[in-house]
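Listed next as structure tokens is one chain, alone, in the form predicted on its own.
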């Protein structure tokens, strides 16, 4: 065989290999689908997906845009899980879902792909929402929570600083409202309609009184001194006029609108209101400030920032669980969270990011909110699993009964505890 023939055959083999390499590489790629709301994560999603495809390597990720309305997206997920559909591989889950989804065997434990050191970099109170029986089923993506917004101009006028305790808040609200003599001005407004937000409100008061939904032994612990004090205080704010009767119909945005119309001294809702309140055309843009949710006197070490937000979980039926977990590592990394904040205004779930120079300079509101998440805690969904929706409904009903004067706080909490114990067996 001549050298020319050998060279010709070698060239043919090399050419064949080159032609088949892309196909082989494509076959080796893990095809992942991530399901996340288009409005919720918006412009940040495609940027982070592209960056993480390159960083992780060997993956091709499709963004499945899903409804930003939690009940709608949850319904879609449940249908997929029930059918044991392997897609989507990665889902964005509301903070109250991991316990339920894990109990039903729908999402995979993924702590082994992270390790204790890596998990410790996320806000502990948020990560706890996804930790069930020693396993971690989701990784915090972005956080929101309830904060206390206030009219700094009115507080300054009467010589007050932002209140730290409920006792101070009530006194300040009464003083300012009386001094302003404006019948359209309320002292305190929030979301006290019979919704999930009402349960979150009571939990903030409850934790600020030193309470915990479950005690150290895992027993239900709401019908106690902290529980009664928290609900009695809420009832008292209504009876004294610090909170208007209309608060019982308010959802978050209803309260925000009233505050933005300069008709309230204090507002306690989630941090999504910060953008409209500080917009150039907002009447309170130069006056609004915020701080952590108050606690009761002597309970300054309690966590009072009730959190919401989303985490990323892996579909247990996914054919690429490890690749999906690796992608989540990248998508929730330090740098990814910096970019999500700068691009979409998302509040990071890694405390270290709040001090990043880029965040401090270009997203000061995000950095300021971070201080309140030091006091973050999640609703009791991880420990209640599939029963959480029913438990929340019970609490909403009984809290409303006390606020409407249909039951005393003591009776409402006793009834709630009895019903919840039946639900949990």
Partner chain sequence: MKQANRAGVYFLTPALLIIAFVLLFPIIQTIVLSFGKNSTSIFIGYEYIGLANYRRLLATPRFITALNNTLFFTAVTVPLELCIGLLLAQALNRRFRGKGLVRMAVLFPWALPTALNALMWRWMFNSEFGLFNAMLIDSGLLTERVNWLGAIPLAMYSMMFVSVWKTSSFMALLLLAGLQTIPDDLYEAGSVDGSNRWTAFRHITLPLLRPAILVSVLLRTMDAMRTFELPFNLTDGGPLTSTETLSLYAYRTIFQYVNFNLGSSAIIIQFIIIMAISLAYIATLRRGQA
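Because the structure is a prediction, the values reported are computed rather than measured. Residue numbers count along the first chain shown, from 1.
In what follows, reference is made to the form predicted in complex with its partner chain, a form of this protein that is not presented.
> Counting any heavy atom within 4.5 Å as contact, can you tell me which stretch out of 343-351, 327-335, 123-131, 261-269 lines its partner chain in the model of the complex?
Among the candidates, contact is made by 261-269.
> Which residue among 118, 257, 171, 279 has a heavy atom within 4.5 angstroms of its partner chain in the model of the complex?
When its partner chain is considered in the model of the complex, the option within 4.5 Å is 257.
> Go through 153, 215, 184, 322 and name the one with a heavy atom inside 4.5 Å of its partner chain in the model of the complex.
None of the others qualify; the residue that does is 184.
> Three residues, 50, 339 and 358; all within 4.5 Å of its partner chain in the model of the complex via heavy atoms?
Per the other structure, none of 50, 339 and 358 touch its partner chain.
> Is residue 310 part of the interface with its partner chain in the model of the complex - any heavy atom within 4.5 Å?
Residue-level check for residue 310: no, no contact with its partner chain.
> Does residue 106 reach its partner chain in the model of the complex if we count a contact as any heavy atom within 4.5 Å?
Residue 106: yes, in contact with its partner chain in the model of the complex.
> With the partner left out of view, is residue 219 within 4.5 angstroms of its partner chain in the model of the complex by any non-hydrogen atom?
No, residue 219 stays farther than 4.5 Å from its partner chain in the model of the complex.
> Residue 362: heavy atom within 4.5 Å of its partner chain in the model of the complex?
Answer no; every heavy atom of residue 362 is more than 4.5 Å from its partner chain in the model of the complex.
> Just to make sure I understand: among 243-268, which residues lie within 4.5 Å of its partner chain in the model of the complex, judging by heavy atoms?
Those in contact are 244, 245, 246, 249, 250, 251, 254, 257, 258, 261, 263.
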